[in-house]
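Consider the single chain below, provided in structure tokens and representing the form predicted on its own.
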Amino acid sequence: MALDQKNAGPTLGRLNAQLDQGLGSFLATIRREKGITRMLILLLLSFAIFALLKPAIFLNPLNLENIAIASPEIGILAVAMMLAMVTGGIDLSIVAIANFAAITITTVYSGIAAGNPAQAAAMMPLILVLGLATAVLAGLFNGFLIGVVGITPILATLGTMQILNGIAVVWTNGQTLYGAPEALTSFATTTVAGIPALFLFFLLIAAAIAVLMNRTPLGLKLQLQGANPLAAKYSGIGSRRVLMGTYLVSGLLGGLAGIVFLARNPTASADYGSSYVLLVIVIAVLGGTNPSGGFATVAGVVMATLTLQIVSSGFNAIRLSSYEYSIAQGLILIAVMVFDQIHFRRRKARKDLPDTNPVLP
């Protein structure tokens, strides 16, 4: 016992040091990345506005919980879109991939459960892996078309989206499938210390992608690929492997989003979330992702997801329609892009200023 107490001191000290270092690094990142600061201000501002307008409805614990539960499925798709945009591309098929994974899982699970429910429950992990595998294959197909064949990302992923949507409609006869795993529904209602498990799942995925982006060779390569493909080529970076890896991870995230679809709403259909494609593009750009590639922050995308979810919830609280919410999305996006352009031009103008202290011959 004495030895355990003796070891506990240094262990807690190291843990505290690591927490201090992590917090310091996060605050330093916020100070360095103005996009994150901007999103943090927007997030707090939108929360404060609706909290003041309708405190009884907006600050209701049930409403706050709904915001946390609704954010993951959009947020995971936005992170996947961000990855594609960092390389200078785009992934229009990401929602179709998520739906295809959800339909695969529901079909296989309900088919087995019809004959033996206990066996279906026991095989659920394998069935989830099967759904993720279909999503990864779709992502690899995108990577092959873009990286190997050389098709423009917007056209390649548009084609994949059409193929997957068509297969899904034929597969389901255009109907909604029921019979998703009950364990997923239970997971969606689980809370940890008052925080929905789905939201923690989203944060875990976002943290993993942040590590991938900032701490791994693939993350550095895909940012260089997006910033300057020619320079990346002459630096020995294999663009084919980078693009294949990027769209593979994007497909995997689409599969995880499909699992979240089923957790929130235990049904699957070919047209679920059909309006999400434009929304996740808006979130990715709003979160600081450069549409031309080369730069993005996962933290910015997470905060942009929460901001738009707060605006959506706030609009419901003050009885505004979904059409007015769409207008607000567009206005926020345009305002941010105008701000970025003004900031960029000011920086450029400062750099173009003539030297006031020329060196005399």
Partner chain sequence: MSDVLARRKQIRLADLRGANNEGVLALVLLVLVIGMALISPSFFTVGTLFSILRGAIVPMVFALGVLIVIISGGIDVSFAAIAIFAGYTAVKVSEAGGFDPGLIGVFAIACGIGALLGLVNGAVIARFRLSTLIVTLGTQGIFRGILVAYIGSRYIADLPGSMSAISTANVITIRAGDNDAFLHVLVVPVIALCVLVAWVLKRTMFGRGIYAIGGDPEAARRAGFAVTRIQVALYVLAGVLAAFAGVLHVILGRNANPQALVGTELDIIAAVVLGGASIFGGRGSVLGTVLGVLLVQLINNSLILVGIPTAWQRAAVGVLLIVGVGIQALSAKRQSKKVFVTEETGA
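Residue numbers count along the first chain shown, from 1. None of the values given here were measured: they were computed from a predicted structure.
What comes next is about the form predicted together with the partner chain, which is not displayed.
*Asks:* L252, V86, A120, M161: which sits within 4.5 Å of the partner chain in the predicted complex by any heavy atom?
*Replies:* Contact residue from the list: M161.
*Asks:* Just one of G166, P217, G111, P125 has a heavy atom within 4.5 Å of the partner chain in the predicted complex. Which one?
*Replies:* Selected option: G166.
*Asks:* Thinking of L62, A197 and L248 as one candidate spot, does the partner chain come within 4.5 Å of a heavy atom in every one of them in the predicted complex?
*Replies:* Zero of three within 4.5 Å in the predicted complex.
*Asks:* G150 versus the partner chain, in the predicted complex: is there a non-hydrogen atom within 4.5 Å?
*Replies:* Close contact exists here: in the predicted complex, G150 approaches the partner chain to within 4.5 Å, heavy atoms only.
*Asks:* Closest heavy atom of L333 to the partner chain in the predicted complex, within 4.5 Å or not?
*Replies:* Yes, contact at 4.5 Å.
*Asks:* Within 4.5 Å, heavy atoms only: does I103 come near the partner chain in the predicted complex?
*Replies:* Close contact is absent here: in the predicted complex, I103 is far from the partner chain, nothing within 4.5 Å, heavy atoms only.
*Asks:* Examine S326 and determine whether its closest non-hydrogen atom to the partner chain in the predicted complex is within 4.5 angstroms.
*Replies:* Output for S326 is yes: heavy atoms within 4.5 Å of the partner chain.
*Asks:* Which one, 198-206, 277-285, 253-261, 179-187, holds residues whose non-hydrogen atoms are within 4.5 Å of the partner chain in the predicted complex?
*Replies:* Of the options given, it is 277-285.
*Asks:* For the stretch 330-346, I need every residue with any heavy atom inside 4.5 Å of the partner chain in the predicted complex, listed N to C.
*Replies:* Counting only heavy atoms within 4.5 Å of the partner chain in the predicted complex, the contacting residues of 330-346 are G330, L331, L333, I334, M337, V338, Q341, I342, R345.
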